[in-house]
Ligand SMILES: Cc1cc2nc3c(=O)[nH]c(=O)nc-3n(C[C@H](O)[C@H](O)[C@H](O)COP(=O)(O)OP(=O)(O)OC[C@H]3O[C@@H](n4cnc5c(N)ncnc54)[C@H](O)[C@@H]3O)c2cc1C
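Presented as structure tokens, the chain that follows is alone, the form predicted on its own.
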Amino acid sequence: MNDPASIIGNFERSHWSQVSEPALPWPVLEGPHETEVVIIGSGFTGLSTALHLLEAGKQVTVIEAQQPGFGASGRNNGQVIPTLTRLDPDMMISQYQGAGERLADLVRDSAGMLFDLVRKHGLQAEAEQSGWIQPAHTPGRIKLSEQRFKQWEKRGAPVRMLDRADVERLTGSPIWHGGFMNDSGGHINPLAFARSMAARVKQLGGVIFARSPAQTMQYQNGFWHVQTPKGSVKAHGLLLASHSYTDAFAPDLMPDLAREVVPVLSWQMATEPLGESQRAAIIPARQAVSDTHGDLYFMRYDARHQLVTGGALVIPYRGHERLRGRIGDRLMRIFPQLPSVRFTAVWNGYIGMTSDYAPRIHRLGPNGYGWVGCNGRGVALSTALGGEFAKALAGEPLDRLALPLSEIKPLPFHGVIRRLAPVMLLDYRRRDLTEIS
């Protein structure tokens, strides 16, 4: 189980908490309520699903343990990436057949769907559809870039290959050997995006209850029943969208689903604002950048011209202090234009990792769904899946949707795997130093 005190503290430390508009004063759920669809979790999946359902004329109630965007949705780097971490289109199709075809198309369009949602609803998200670049950190990994480029190009994605000179021109860094780019990607302020979506849900007639953790959920006599400390909701349909935080405040809510995913601590950091001359030399067109390292090198600008980056630690002890020097030195190696680096915020949150890096999408019962496994690609994917879950909950046949359903398979020895997961970073670093053929 996650430590609630640590989770809350790191949310308040985050750059996004410091620069975003305050959360609305959402009420606590008290007493019994009835609705058409109840959604547990007000991150990108839950709020996107709620928006789409409300547009379809459905009644929606969202239950949140803390406040909208409190979990992974409000803590991440904010890169809008229209790919999955390891599953390229051919693998999706091989693994899921027809549903894989639809999933590949959904992932291809996922970034555009997010930015279209921002524009359609006038969401305040500091959204910049400036593109996403994945540079290759060794010459051999250019083959990986070529493989990904070819598969996404075949499916009609707006991708292009980049040689070493292209990457240096686009990023201002000489360390990479080429790569590929998707012009539909970009970045957002993730917490502002979640809070603005929540406000829009309210405007459209949806109901959101905060500080109301779901403790139990069950299907009985044709309805879903969700119990919180002070109230309950009865609904025809249900979506469980709590991801890596499923066991954070209610360990018995759905333990098998919680044990299907390994929450891995991810650290984010924001630099002081860069000056005009530095911005002209470092990622001048403001794309999101995340490369092929397992111990990932990633960065993007925010609306205040701060570079938002981060890193990983095997041992989190004093992580807020230790990462300042480590990632500051890394940024200066990547960008020689930076004579020094100072950070205004360091924070963390959980990424939900699955053993095969694939999302796990489940039918939990009659008209009840849930999923886990963002695997570091949750911003675009979660938002896009919200539209698919809304269609499913509204009764659209599943064989038309990008929802490759599977049975819940909790990981054996989940507690041990979770404790050992940070040690995998050592293997990632070893692989990063090994050229691929």
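These figures come from a predicted structure and were not determined experimentally. One rule holds for the numbers: they count along the sequence shown, beginning at 1.
Not pictured, yet referred to below: the form predicted in complex with this ligand.
- With this ligand omitted here, the record of contacts in the predicted bound form names 244 to 252 of 319 to 327, 146 to 154, 244 to 252, 230 to 238, defined by a heavy atom within 4.5 Å.
- The partner is absent here; in the predicted bound form, the one residue of Ser196, Gln287, Thr271, Gln268 having a heavy atom within 4.5 Å of this ligand is Gln268.
- Although the partner is absent here, Pro89 sits far enough away that none of its heavy atoms falls within 4.5 Å of this ligand in the predicted bound form.
- Proximity of Glu64 to this ligand in the predicted bound form: non-hydrogen atoms within 4.5 Å are present.
- Contact check for Pro135: no non-hydrogen atom falls within 4.5 Å of this ligand in the predicted bound form.
- None of the heavy atoms of Gly185 is located within 4.5 Å of this ligand in the predicted bound form.
- Residues of 203 to 217 lying near this ligand in the predicted bound form, listed in sequence order, are Ser212, Pro213, Ala214, the criterion being any heavy atom within 4.5 Å.
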